[in-house]
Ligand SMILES: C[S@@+](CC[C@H](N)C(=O)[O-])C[C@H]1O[C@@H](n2cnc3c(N)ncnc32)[C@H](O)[C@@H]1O
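First, one chain by itself: the form predicted on its own, in structure tokens.
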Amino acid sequence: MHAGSARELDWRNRNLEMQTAIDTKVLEGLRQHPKRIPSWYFYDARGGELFQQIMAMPEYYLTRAEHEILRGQAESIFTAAGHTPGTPFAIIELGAGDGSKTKELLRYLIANDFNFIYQPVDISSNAIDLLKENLSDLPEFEMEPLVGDYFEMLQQTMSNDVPKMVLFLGSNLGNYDDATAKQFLQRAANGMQSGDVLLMGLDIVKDPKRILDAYNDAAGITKAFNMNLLERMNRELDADFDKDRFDHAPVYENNQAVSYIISKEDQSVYFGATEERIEFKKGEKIQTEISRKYTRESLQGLLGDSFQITHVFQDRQKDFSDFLLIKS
């Protein structure tokens, strides 16, 4: 077998293993009571397109607010992080998505001749492809995209003594319950060296209606984003979900927006991939996402001894905060 063919076979085998693991995780969640689907399952190609549309919706303030922070306060952020043009450092972004917000920081660094490498990490190769396309109009800079698990990739980047700034933007931490978020932060800290910094974007507690509207836009894009999960399972798991027999049902409770898909009737869904049926009662919910909202105090409660909050950067309306944390 030619070397190229061997590499292609290895790539196909790894993709098959990854898809099998994804399918297993999704089905495990649907067998639970209450039912749930992991939020990262949103982001197939169609889900990524819909999320781009959500970020442009007038109700979805989060992206605009963080753009404002990163665009207007980039100099202050890097000064607070201790980075200067003459000192090499690495920017490692966990869950980079399309890189649209990070682009504000990169533009500043390039314009001011900083010596850096950008290492975006995402579990989705679709997201990395979109990121590379989105950043292609910037002047040339050093970039090393990484596809895979956050923590494995973070550990991989720690093989040298170059100072590091880890980015976790977009209120991604809010997709975890507090216990899981605390574990995430501890694992992130374990992959960093003392003195490295973490810039983390978080949505802030505010008027509940304003928050809920961000997850239930009038145009129905968020609903389509949620219901795409059913279409994805139909495609990838050979399921027979009928979207008309389910609905999008977001709520705001306990300082978090929670997205559900709710069954409109008693029904049974067949999964050809595993030759099984999963039963749904009328009114039964599938939890698809949580989006936790924070105060400085609630964040501090998750950090323990792993990080210290050194600076907080906010937009003009104080809707959103980017917290600069230093690894203890």
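Here the structure is a predicted model, which is why all the values come from computation and not from measurement. Numbers follow the displayed sequence, beginning with 1.
Below: the form predicted together with this ligand, not depicted.
**Q** So in the predicted bound form, are Trp40, Gly97 and Tyr150 all sitting within 4.5 Å of this ligand, heavy atoms only?
**A** All of them do, each having a heavy atom within 4.5 Å of the partner.
**Q** If you check in the predicted bound form, is Leu169 within 4.5 Å of this ligand, heavy atoms only?
**A** Yes, Leu169 is a contact residue.
**Q** Even though this ligand is not shown here, does Phe271 get within 4.5 Å of it in the predicted bound form, heavy atoms only?
**A** No - in the predicted bound form, heavy atoms of Phe271 and this ligand never come within 4.5 Å of each other.
**Q** Can you work out whether Leu202 and this ligand are in contact in the predicted bound form, taking contact to mean some heavy atom pair no more than 4.5 Å apart?
**A** Flag for Leu202 set to no.
**Q** Taking the shortest heavy atom distance, is Glu93 within 4.5 Å of this ligand in the predicted bound form?
**A** Yes, contact at 4.5 Å.
**Q** Only one of 251-259, 121-129, 107-115, 210-218 gets a heavy atom within 4.5 Å of this ligand in the predicted bound form; which is it?
**A** The contacting stretch is 121-129.
**Q** Among Leu30, Met55, Leu302, Ile290, which has any heavy atom within 4.5 Å of this ligand in the predicted bound form?
**A** Spelling it out, the residue with a heavy atom inside the cut-off is Met55.
**Q** Could you run down 295-318 and flag each residue that has a heavy atom within 4.5 Å of this ligand in the predicted bound form?
**A** Residues within 4.5 Å: none.
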